[in-house]
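Presented below, as structure tokens, is a lone chain in the form predicted alone.
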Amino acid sequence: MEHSITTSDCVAVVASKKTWIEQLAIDQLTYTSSLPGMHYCVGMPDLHPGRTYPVGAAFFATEQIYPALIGNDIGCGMSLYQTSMPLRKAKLDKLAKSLKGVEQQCLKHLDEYIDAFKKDHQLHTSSFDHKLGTVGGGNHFAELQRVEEIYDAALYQALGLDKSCLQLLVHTGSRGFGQSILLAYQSQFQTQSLRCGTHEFNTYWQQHQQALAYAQLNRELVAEKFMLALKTKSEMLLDVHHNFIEKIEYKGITGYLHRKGATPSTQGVVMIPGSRGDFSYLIQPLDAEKSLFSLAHGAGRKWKRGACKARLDQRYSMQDLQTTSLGSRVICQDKTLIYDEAPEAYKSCAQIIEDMVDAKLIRVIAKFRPVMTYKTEGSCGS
């Protein structure tokens, strides 16, 4: 594989020598490749350590799946919306005022929307509906952006993007629903795999598919609340999960592709976001079979959560971190989170993109500048 670090016949990392990757992430990738039924593991240039398994990687297994590898946020992903709000009206103070209390909106027509969506997708859960339409904690966000630069005018125009108006990028997942599925599985199986065809496999698989639909619904509701708060309209341009399991055929073998923070290359154009103080990139996937039909899902962390405040609180106050070097604004009232998610805690998204371009995995369509990043107005849920 071009521009990659190969550690064994079944383990590779798509990254150049310019991209720093922590050795622990490589070790976790190698460990995961040794699990029963694992055939191929590919780390993306945003690869970084997780609790047991690395984030920013794809894993192909046969005869079994690993729910613990996917973790609690089943269906976490990205959606991009073209809004009708002109850039000339995008004043930071006004946007921040309009978005105050945005997640707490209780609107009857959204309840009707939820009921209709659930019926269409045969969703049976209701225990976590109070979290629908909320961003959550961690690296989740909803971000108003504007087009900074266009690299492929034909693809850009075909998507219906409007440079004179704001875009909205939503990154969140299945909220408490995915967590409940993982806990139920762990209480019985810890981190063991589930073999295909068993009752336990079929039960998890059905719940997993429901969580994917729930995550999509959550992103749609976040976008709808933003549009109502801003008194504007939007059109969804893309929606993809990057934390899920998919049944595929790879090199003539039928198996299960586990994406742990890895964007699918099989669903058309996708967004690769940077940190809240970095650019995001709209890209067209190319031939990504060599990277297990997967791409990076973001810039990738450099620093562990929990260690960021000690590194930064002598340099920045919480107020300092509510603005970025790109001139954008950050809405986040959780002191721990705003330090954990500081731009300095992440790699350069431009380098991640360069690695994938050099590996001939993607074509860049456009670059987007953050305008207003919404994290949370108070203490965050998971």
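Heads up: residue numbers just count along the shown sequence, starting at 1. Computed from a prediction, not measured in an experiment: that's the story for all the values here.
The same protein also exists as the form predicted together with the DNA; that form is not shown, yet it is the one meant from here on.
Taking the DNA in the model of the complex as the reference, which of Gln179, Thr83, Gln209, Ser98 has a non-hydrogen atom within 4.5 Å? The option sitting close enough to the partner is Gln179.
Which one, His140, His258, Arg276, His241, lies within 4.5 Å of the DNA in the model of the complex by heavy atoms? If I apply the 4.5 Å criterion carefully, the residue I get is His140.
Should Gly136 be counted as a contact of the DNA in the model of the complex, where contact means heavy atoms within 4.5 Å? The answer is yes: Gly136 has a heavy atom within 4.5 Å of the DNA.
Using 4.5 Å between non-hydrogen atoms, is Lys302 touching the DNA in the model of the complex? Contact check for Lys302: no, nothing within 4.5 Å of the DNA in the model of the complex.
Is Asn72 near the DNA? Define near as a heavy atom within 4.5 Å, in the model of the complex. So Asn72 counts as contacting the DNA.
When the contact criterion is heavy atoms within 4.5 Å, does Lys118 count as touching the DNA in the model of the complex? Taking the distances in the model of the complex, the answer for Lys118 is no, it never comes within 4.5 Å of the DNA.
Given the stretches 145-153, 109-117, 219-227, 128-136, which is the single one in contact with the DNA in the model of the complex, using a heavy atom cutoff of 4.5 Å? Of the options, only 128-136 has residues within 4.5 Å of the partner.
Interface residues of 29-54 toward the DNA, as seen in the model of the complex [heavy atoms, 4.5 Å]: Read in sequence order, the lone residue that approaches the DNA (within 4.5 Å, in the model of the complex) is Arg51.
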